[in-house]
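Single chain ahead, written as structure tokens, the form predicted alone.
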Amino acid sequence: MPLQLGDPVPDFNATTTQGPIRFHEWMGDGWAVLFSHPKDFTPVCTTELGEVSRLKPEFDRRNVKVAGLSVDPLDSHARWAEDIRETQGHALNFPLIADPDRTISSLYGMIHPNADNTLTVRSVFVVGPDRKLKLTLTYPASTGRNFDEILRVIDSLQLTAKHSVATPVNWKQGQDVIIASSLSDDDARTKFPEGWSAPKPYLRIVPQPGSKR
């Protein structure tokens, strides 16, 4: 049964480029992004790992830990890390998990037999502090991921977890949001005493809570 949104994510022990980890313990009290790569020394993956290394301060600022995974062994990861540093200009600065027996890949449903029965697809799992799955994305092996979009989604997930709002299409940090449909108008008046604009009764728009205008 594939992991679904809201499911507790499996814990696991792993060997990584930064030493052994136990996933839930490694997460601490924050968020995590776990993303898989079909194999080492693939061109698209090389660019992705360099980009996540470049963006790591942005993940840190959001209290999000990142970990990559590939089905190749640790010694292969070490050689690949040197290529990433050389070609992308950013050294690998987060754990890259070795999964040669495909235990973790199978646990998280990262192998899609109709695409390839041995290699992982480009999966992304965003996990909340409650160890539950908040987002999953699956890309084909030929398409690189957009990690700016993943950061944008994390901003939305963290905001909406704290406030009774949802984020509209193409929303970015600091833009207007929508009052959650689960909130009655009476309750909304308590949470949003300055009011809202409503082009339709079900579409109640307010400034992002906590944003400076």
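A residue's number is simply how far along the shown sequence it sits, counting from 1. If you're wondering where the values come from, they're calculated on a predicted model, not measured in any experiment.
Note that the form predicted in complex with benzoic acid isn't included here; everything after this is about it.
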Just one of 157, 32, 45, 177 has a heavy atom within 4.5 angstroms of benzoic acid in the predicted bound form, so which one? 45
Partner-free chain; cross-checking benzoic acid in the predicted bound form, the single residue of 78, 141, 137, 91 with a heavy atom within 4.5 Å is 141
If you check in the predicted bound form, is residue 38 within 4.5 Å of benzoic acid, heavy atoms only? yes
